[in-house]
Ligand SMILES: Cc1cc2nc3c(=O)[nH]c(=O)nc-3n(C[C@H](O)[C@H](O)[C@H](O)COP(=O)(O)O)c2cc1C
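Just one chain follows, in the form predicted alone, and it is written as structure tokens.
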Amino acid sequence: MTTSDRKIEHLLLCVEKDVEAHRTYFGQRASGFDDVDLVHDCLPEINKKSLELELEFMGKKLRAPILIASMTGGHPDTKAVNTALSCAAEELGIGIGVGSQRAAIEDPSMEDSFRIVRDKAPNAFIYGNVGAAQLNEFGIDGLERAVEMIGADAMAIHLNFLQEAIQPEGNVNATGCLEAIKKVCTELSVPVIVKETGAGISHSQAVAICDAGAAAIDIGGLGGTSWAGVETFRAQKRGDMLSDHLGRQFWNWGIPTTVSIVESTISIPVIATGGIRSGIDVAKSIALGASVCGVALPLVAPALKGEKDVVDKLILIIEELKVAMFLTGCRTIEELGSAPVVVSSKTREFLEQRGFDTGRFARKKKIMERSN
């Protein structure tokens, strides 16, 4: 199967099957957001209509702290999906990432499914996407082609070794990836985002990524789309018993999104992806340390219908975020970053065993100036 064929297969499986990671007890989500509570402020002393969601991210203005996370491209049938997503990003003033550009680097006839994003979103923050496993193969010249293809403001280097380990055609040679990332960070014409794709990033790896010169970290935590799960369904379709077994065994492998946000919050911006399903999840992520949040799976089905459905879904998330900000007394995104939260259950246990003080979140002090 070609890279292009896999892209459309992945997209359709995300719509047709339950591919999310999940906990098997108490109905809790694997992301950990059910373990995080924002502290209600019964006297917010602000006007909800005056909330400011705007922020600057990697040199670009966003009207809300939301990115349409990397999803697709690389097959003719994905062009309409990227059209709907990019039109929504332009209309709402948020950012957007494209799916892996490997298919278009290998086959230039697939470039149009990616170029459409910049065509439809001329003013948006757009980031490209290439796998770490392909860096040495494509080289800086190949990555610059990916940048030019979409007029990228940044380039994401994705780490998807869990998925690669399940795929029979996967690239499981992870040696030299960090050095390759360092080279890209030094030589590429745009800033680099290093992103996981569903298994999370721990503190030591976040430090290494930062030291390599990355401009931002996309944690891609456990709790959203399980790419081991996607590969399980692919394996079942072709009768591959080994990949089916491995996919089921590693379906819920990784570091929960909430934990990974905390572990990766160091000195560069953190993008929280992995199970962001509401504006409340966005608010919790920012209170834990994220700068912006990426949304993917909830937008796939709307994108297959058209731009309006994507916009409608994103507006709901943004309105939920506004209510969460109002009810925590936060007028700006910066203030939300200092909102107190209470961390409990497995997330608290995970963080404390990793050496993090969960009590500090509840002790955060507001930085806002109250006014009548």
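Everything quoted here is computed from the prediction, not taken from an experiment. Numbering starts at 1 and follows the sequence shown.
Absent from the display: the form predicted together with the named molecule. The rest refers to it.
- The shortest heavy atom separation between Glu196 and the named molecule in the predicted complex is within 4.5 Å.
- Contact annotation for Ala296: at least one heavy atom lies within 4.5 Å of the named molecule in the predicted complex.
- Mapping the unseen interface onto this chain, Val300 counts among the residues with a heavy atom inside 4.5 Å of the named molecule in the predicted complex.
- Proximity of Gly275 to the named molecule in the predicted complex falls within the 4.5 Å heavy atom cutoff.
- Note on the interface: of 32-40, 308-316, 62-70, 335-343, the segment with non-hydrogen atoms within 4.5 angstroms of the named molecule in the predicted complex is 62-70.
- Thr225 is the sole member of Gln167, Ser291, Ser86, Thr225 with a non-hydrogen atom within 4.5 Å of the named molecule in the predicted complex.
- In terms of contact with the named molecule in the predicted complex, the residue from Gly95, Gly99, Gly229, Gly200 that brings a heavy atom within 4.5 Å is Gly99.
- Using a 4.5 Å cut-off on any heavy atom, the one residue of 131-163 that reaches the named molecule in the predicted complex is His158.
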